[in-house]
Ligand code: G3D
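Only one chain is shown below, in C-alpha cells, and it's the form predicted on its own.
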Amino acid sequence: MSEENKDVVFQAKTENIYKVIVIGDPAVGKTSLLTKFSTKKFNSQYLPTVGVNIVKEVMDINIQGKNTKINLMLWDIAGQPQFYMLHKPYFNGADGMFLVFDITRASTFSNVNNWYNSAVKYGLSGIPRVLVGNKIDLEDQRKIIKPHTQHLSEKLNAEYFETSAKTGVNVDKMFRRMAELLYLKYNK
C-alpha cells in the first residue's frame, strides 16, 4: 500500500458520525443555537421549525491525546405539539441529545423533564446528554435560578451549559463537549 493510501485508510478510521437531537419547547432558541454554531450568525426574527431541520457540522477534537474528526448530524426538532407524533422517527437512532430551555420562561424549564421522558420512551436513556439554558443575554429577565438548574443537571446526569445564541457565549463549548462525550461513549 502506498503512503498516500495509508493516509486515506487512517483518515477513514478516525472519522466518527453521530446523530444528535436538539429538543425543547418552541422558541427556546434551538435553531438559533445551531445557526450560531454553524454560521456564526444570529437572526432575531423567530421562525418556527417545521418538523425537523438537519445540520451537519464537522469538528476536529483532540481527546486522550488523539486528533479525531467528529461529524455531528444535528437534528433540530420542532417543539410545537402538532409535531409530537413525529418524535419517534426523529428520535430514532440518536447518539446524543441537547435538552434546551429558555432561562426567562419557567415553563420551558419544567418541560425539560417531559422532553427527556419522551426520549427515554424511545430508548434513549443511555445516550450522552447536555442540558442547555439559553438566552443568558437576557439575564435581567431570568426566571430560573442556578440551584434549580444544578439540581436538574444532576437528576438527568447531564452536563449543564448556559448559553446565548445571540452573543455566542458557550455555544461552541457546548457542541465541543457533546463531541467529546460522544467519542468517549462510543469509542471504548
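The structure displayed is predicted, hence computed values, not measured ones. Numbering starts at 1 and follows the sequence shown.
The protein also exists as the form predicted in complex with this ligand; that form is not presented, and the subsequent description refers to it.
- Of the stretches 150-158, 26-34, 55-63, 121-129, only 26-34 has residues with a heavy atom within 4.5 Å of this ligand in the predicted complex.
- Contact check for N170: every heavy atom lies farther than 4.5 Å from this ligand in the predicted complex.
- Of the heavy atoms in A165, some are within 4.5 Å of this ligand in the predicted complex.
- Scanning 126-142 for heavy atoms within 4.5 Å of this ligand in the predicted complex gives N134, K135, D137, L138 in sequence order.
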